[in-house]
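Structure 1 and structure 2, given next as structure tokens, are two forms of the same protein chain, each shown alone.
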Structure 1
Amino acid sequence: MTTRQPVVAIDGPAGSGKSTVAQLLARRAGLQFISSGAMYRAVALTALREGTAAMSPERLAAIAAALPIRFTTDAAGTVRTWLGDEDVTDALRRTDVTEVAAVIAKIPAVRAHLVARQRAYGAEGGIVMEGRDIQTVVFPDAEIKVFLDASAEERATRRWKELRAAGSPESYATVLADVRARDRSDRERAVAPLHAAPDAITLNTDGLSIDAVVAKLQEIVEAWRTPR
């Protein structure tokens, strides 16, 4: 008999570091990592490729229902996202994909299809999934629920440093305004708005390194695994 491994559900605002943290936690704790955001982005990428006709809610729902998405881990331990035989990991980070993903994520029929697929990934346990509604809607009964938060200023500073390192000229004020706009879009939308579940562990990552956050989460997983 194999022991059930936990579903670790992690949500948080854009820029809270949840994707990096969730990936590292999954690797170190021997769990599978799934980015639910990559699924919304993959619907957006497919719709962009099909052109504007693909933007009707019915067509978008059909794309979500039939999305040929799968995840693999490369030699460096990085999770890659595939649509059919194409590695779309980098394409999913494009600005136009980010913008369209935020719009299509508000369509209930798209969410319904993706949520069903997300639940199927976690049916046997043993996963770390991150997103906006994983600990509230997708897995309200997850063994471990975490809300990873950070102040808008801290998240804007992290993003602004990344952009500056990449040679991008955006000012800090512009980046902060963008972070706040994305927060409003995630937290105030009618369908599956971002919030912490009442029984989630909220971790504020202001001033904490990625390693420190991952170590904290590993402790939580190990405590769960330790027989009481």
Structure 2
Amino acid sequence: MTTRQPVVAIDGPAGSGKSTVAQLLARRAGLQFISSGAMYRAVALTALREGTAAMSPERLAAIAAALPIRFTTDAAGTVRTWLGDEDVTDALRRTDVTEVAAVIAKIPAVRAHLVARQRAYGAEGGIVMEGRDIQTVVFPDAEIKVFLDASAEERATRRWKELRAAGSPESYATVLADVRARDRSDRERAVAPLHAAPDAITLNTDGLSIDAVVAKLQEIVEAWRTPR
């Protein structure tokens, strides 16, 4: 009888809730959450701190290869991201970091180093990882693959409400147009286009609360754990 815990690979379009869902699922299922996006943002943060000279593909690849990143979970169940001895969880959310990360994620050498790191995290199982191409490229043999989906209208509504709560005047029509443009870009990109793996479980989250989605994924994990 194996004691291995599953690798749960979660992908989906922007705004499908995969990051929030993945963190909650990991906490409730007793697994470790790993954010692939945080790795790209950590490379971006390091490069920004080093200055413009660090923006060459060669230097970015070197940063990715030596990235001293690790993840911990605090007493409140919040996943923290560290670079060496520095907690960079909040710094990784900066707008400039996110913008640079989106660019460097397209650099093959950077991706190669970070994909290798991601696979190393999953070598012994027991993780939930979300992000682009996690269930198609990074973990094509993951025990559990999930593709979270939702209509563009649903995802735009969620984002629009978040923006309103933050005081942004952006209209729903603008947000919806942005979501659709991002979808086209993600599905048509040359490197790792967005799509569900053939053996992934596709879950449409339209009209579902975060708790309802997490509960469904918990059922999937527990079904996998049940001896067959």
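Numbers given to residues start at 1 and step along the sequence of structure 1. In this text, rigid core is short for the largest set of C-alphas that superpose within 1.5 Å between two forms. Owing to the predicted nature of the structure, the values given are computational and were not obtained by experimental measurement.
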Structure identified as the form predicted together with ligand DC:
1
Given a superposition on the rigid core, I'd like a yes or no on whether G167 shifts its C-alpha by 2 Å or more between the two structures.
yes
Core superposition between the two structures, C-alpha change of L60 at least 2 Å:
no
Please check if R184 moves between the two structures, taking a CA shift of 2 Å or more relative to the superposed core as movement.
yes
